[in-house]
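Quick setup: one chain, the form predicted on its own, written in structure tokens, and binding and motion questions come after.
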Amino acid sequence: MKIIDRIQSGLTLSFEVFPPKSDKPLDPLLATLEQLYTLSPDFISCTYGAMGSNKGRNLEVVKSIQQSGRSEALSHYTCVGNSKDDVLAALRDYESVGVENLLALRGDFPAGAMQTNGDFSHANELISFIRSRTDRFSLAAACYPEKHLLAESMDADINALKKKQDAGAAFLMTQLCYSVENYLRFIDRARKRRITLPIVAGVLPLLKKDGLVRMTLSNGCSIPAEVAALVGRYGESEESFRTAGHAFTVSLVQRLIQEGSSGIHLYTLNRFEDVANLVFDAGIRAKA
């Protein structure tokens, strides 16, 4: 099933996982997936490493998700290092395992490079190419409530987003954002520019101070005053910060739902318990 059909039926719940390195066993992730299935996710996305590393493990994971019959698989796919022939080969691989949904991304530049080193420089070009070859796949695209790090301005970033829509993206997924106000400003600006695609909100549970700092710096996400206050108040106690961060994330998810998000996409970091508690406490799913 194409994920856009689920999104159009109402609020979705989804998760992101990442494959193990090539020299590590797949079993721990498969066990985590079995736990995640108990939360009835509408789809589960799977990343792969920089410069296309771990593509083989990515294919193993999305095949397992798709063939479980318990969730739809959404595979990340980037421009970085990929030629047109590479893309066509990848599409054949995904089709062979039953995957119908892809998240088309530019991807991070290789170390020291200022370009993708492939046939596509931007995600809209990748989307357009796939669309010109097949209608089999439902294509998602990324969006950035607080602007992509490399975008010159928010207006420039919205222009790039419009190109993704025009190229054939079916829905959008946000980068993490801890400020509902910034998220709503972004939604307003996008809609005024006639970006009409459903938007799924990406959420990284706020559980560790060091993780917060690392992820916000690498993704250009701001730290709102409310979150900074949690760091100041509980930052020296890992357990206290985890408890306070969980409560903040529950409130964040509930607010995003109230404001009309098409779905909640949780970055699991390949862990189950924290994500399950968030899903239950936010009221998205009821405990069995």
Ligand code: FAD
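Computed from a predicted model, the values in this text were never measured in an experiment. The numbering used is simple: start at 1 and walk along the sequence shown.
We do not show the form predicted together with the named molecule, though everything after this point is about it.
Enquirer: So in the predicted complex, is the named molecule close enough to residue 119 to count as touching (4.5 Å, heavy atoms)?
Expert: Contact check for residue 119: no, nothing within 4.5 Å of the named molecule in the predicted complex.
Enquirer: With the partner left out of view, is residue 108 within 4.5 angstroms of the named molecule in the predicted complex by any non-hydrogen atom?
Expert: Yes, contact at 4.5 Å.
Enquirer: With a 4.5 Å heavy atom cut-off, would you call residue 131 a contact of the named molecule in the predicted complex?
Expert: Flag for residue 131 set to no.
Enquirer: Residue 160: heavy atom within 4.5 Å of the named molecule in the predicted complex?
Expert: Within the cut-off, so yes.
Enquirer: Heavy atoms, 4.5 Å, the named molecule in the predicted complex: which of 190-198, 177-185, 131-139, 71-79 makes the cut? Say which one.
Expert: Answer to the contact question: 71-79.
Enquirer: If the cut-off is 4.5 angstroms on heavy atoms, which of these, 243, 47, 32, 251, is the one near the named molecule in the predicted complex?
Expert: Contact with the named molecule in the predicted complex is made by 47 alone.
Enquirer: Listed by sequence position, which residues of 1-25 have a non-hydrogen atom within 4.5 angstroms of the named molecule in the predicted complex?
Expert: Going through 1-25 in order - heavy atoms within 4.5 Å of the named molecule in the predicted complex - there is one hit, 16.
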